[in-house]
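The chain that follows stands alone, in the form predicted on its own, written as structure tokens.
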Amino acid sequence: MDCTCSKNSIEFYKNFQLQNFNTLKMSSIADIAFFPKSESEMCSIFKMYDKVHILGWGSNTLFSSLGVREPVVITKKMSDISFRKDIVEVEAGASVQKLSVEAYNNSLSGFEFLIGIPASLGGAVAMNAGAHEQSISDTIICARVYDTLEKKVLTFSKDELVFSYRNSIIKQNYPRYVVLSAKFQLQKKDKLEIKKRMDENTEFRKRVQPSLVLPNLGSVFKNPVLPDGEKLSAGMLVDKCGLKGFHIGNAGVWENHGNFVINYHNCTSSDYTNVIKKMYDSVKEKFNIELECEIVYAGQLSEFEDKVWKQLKKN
């Protein structure tokens, strides 16, 4: 890995190993990786390149074992969080776990659900992260967004972000729009009440989701909603197909919940893709339900992976 900082003094590295920058611990080499420290540095990168991959915590990104040719922009150093009474402004690379704790420290409610989620603020806004009857869209006022097509910074109001279940205009138009920062309005509450809810959320996650000791990318598929409005559990559907514990190579469906795929020991992106294809195909065949994948793929595609991900992106 070579380090240099000559491109407008923005920190960047050539031949950068991404294994410690994604929660699956996938080994993948990026031709070049940038670490911007400000909105202006981020915008400078977009002016240099037509296409980049934005990476926060890498908690829903499957990197190719064959490597990533397009520039990777890692936002972790854009992590400022500032409070003004009940208003909080947050840069895209800030940890949402830290954000939850800082809100608690300021006696502010609205971010309890973020505790324990391994994600950056930018990713949480894009996918309208939610849990335990709370979501990003509940408290957001607006977001500053870079439009890679028009090459300019925009401010989107809550309505303009067009939030829905695990979705937004940012995600729908990926990779056109990139979150730079967002502003939220929280609610003053007693700290004991906030802490109680945070502790309950933490205990729930420990019971039903794997810790990152078992490298994973979180939920693989959205919970499907039937035409009559009934919401089903993707994990339950996979479980009814008998796939808990199913392995291909070194990737496998977690034994305790059917909607998580674990990297058990240096799995490849092909192993992971094979497993989720089996999950998708099995649910479609048994229930005639086409699951919608929450995972983003980045990097060079083998012929097999290209075919699978084209199929998954159709839904």
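One rule holds for the numbers: they count along the sequence shown, beginning at 1. Note that the coordinates shown come from a computational prediction; the quantities given were computed from them, not determined experimentally.
If you look for the form predicted together with a small molecule, you will not find it shown, but the lines that follow are about it.
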item	value
is_contact(Val90, the small molecule) in the predicted complex, heavy atom dist at most 4.5 Å	no
Non-hydrogen atom contact Leu55 with the small molecule in the predicted complex at 4.5 angstroms	yes
Contact test in the predicted complex: Leu232 vs the small molecule, heavy atoms, 4.5 Å	no
Contact of Leu212 with the small molecule in the predicted complex (heavy atom, 4.5 Å)	yes
In the predicted complex, the one of Ile169, Met127, Leu243, Leu186 near the small molecule [non-hydrogen atom within 4.5 angstroms]	Met127
Listed residue that, although the small molecule is not shown, lies within 4.5 Å of it in the predicted complex (heavy atoms), from Phe156, Tyr177, Tyr104, Phe163	Tyr177
Region of this chain that lies against the small molecule in the predicted complex, out of 188 to 196, 148 to 156, 224 to 232, 203 to 211 [heavy atom, 4.5 Å]	203 to 211
